[in-house]
Ligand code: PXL
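Next comes just one chain, in structure tokens: the form predicted alone.
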Amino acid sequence: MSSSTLPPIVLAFSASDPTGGAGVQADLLTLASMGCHALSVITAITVQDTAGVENLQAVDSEWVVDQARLVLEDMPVAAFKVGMVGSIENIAAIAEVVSDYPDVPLVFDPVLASGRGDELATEDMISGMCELLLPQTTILTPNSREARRLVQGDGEDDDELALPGAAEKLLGLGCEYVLITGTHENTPQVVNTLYGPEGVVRSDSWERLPGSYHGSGCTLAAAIAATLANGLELPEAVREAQEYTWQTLNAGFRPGMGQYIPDRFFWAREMDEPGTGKA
């Protein structure tokens, strides 16, 4: 197969999630569903269920570098996606690797806590993200809580900072675009706003679905990586990725006692529904 007929290849740096709801498993499912071939670099191993994270063991940073270097020397990559990093050493390792590929777009989902609030990033790790990864990030995809926490100063209440101000600060740290998702805001609809150097690029409103979802942020970031890898310009890539993510949530299922899991292959099950005439 020639390089022109290869599916777009995306490399995801993330932790393993045994539930398949979030982490690298969410990345692989999302990227495959959107027509990409996914490469994965494991940054941490977690002990978790659909309710929350019980424990986390970061992978040695040299292993993170070696995992990435070997596949990058072997295959062309159209986009990077970074999720849970696991340690400050892994932040430095990922930053070192991606710095050799400045023309490859990087989508960074700054995972700071689990859905129920389990802390997954220390203050030193947050500083490392801001100093080493944000200057290399094409688009940052924090929820509103993460956006505020990334830029809050000592003694500041992170709930007081307006989101446009948080976005401006994040852009000032070096990322090209910031998509702040509004799931945690007290609004009738979920409003996701894309900010760029000139201010608001686009704002999209989505029906607020009942329940809570495990892996929605991972799905959105991976979907943006997929749409960029497929050649869409960034504003349209963000729109298409949001549409895909909302559909996965709308079709979500609750296999355990905790959160719902997005159905990344909702379209395949739609095709299988009785009466559609499709296999």
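The shown structure was predicted, so the numbers you read here are calculated from the model rather than taken from an experiment. We number the residues from 1 along the sequence you see.
From this point on, the text means the form predicted together with the named molecule, which you will not see here.
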When the contact criterion is heavy atoms within 4.5 Å, does P262 count as touching the named molecule in the predicted bound form? no
Residue-level contact is defined here as any heavy atom of the residue lying within 4.5 Å of the named molecule in the predicted bound form; does A167 satisfy this criterion? no
Taking any heavy atom pair closer than or equal to 4.5 Å as contact, tell me whether A15 reaches the named molecule in the predicted bound form. yes
Can you tell me whether L72 touches the named molecule? I mean in the predicted bound form, with a 4.5 angstroms heavy atom cut-off. no
Quick one: from S61, Q48, Q242, S40, grab the residue that has a heavy atom within 4.5 Å of the named molecule in the predicted bound form. Q48
Selected contact from L249, L29, L234, V53, since only one has a non-hydrogen atom within 4.5 angstroms of the named molecule in the predicted bound form: V53
In terms of non-hydrogen atoms within 4.5 angstroms, which of the given stretches 62-70, 40-48, 249-257, 234-242 touches the named molecule in the predicted bound form? 40-48
Indicate whether the candidate residues A22, L120 and C218 are all in contact with the named molecule in the predicted bound form, with contact defined as any heavy atom within 4.5 Å. yes
Looking in the predicted bound form, the residues of 66-98 with a heavy atom no more than 4.5 Å from the named molecule, listed in order, are M84
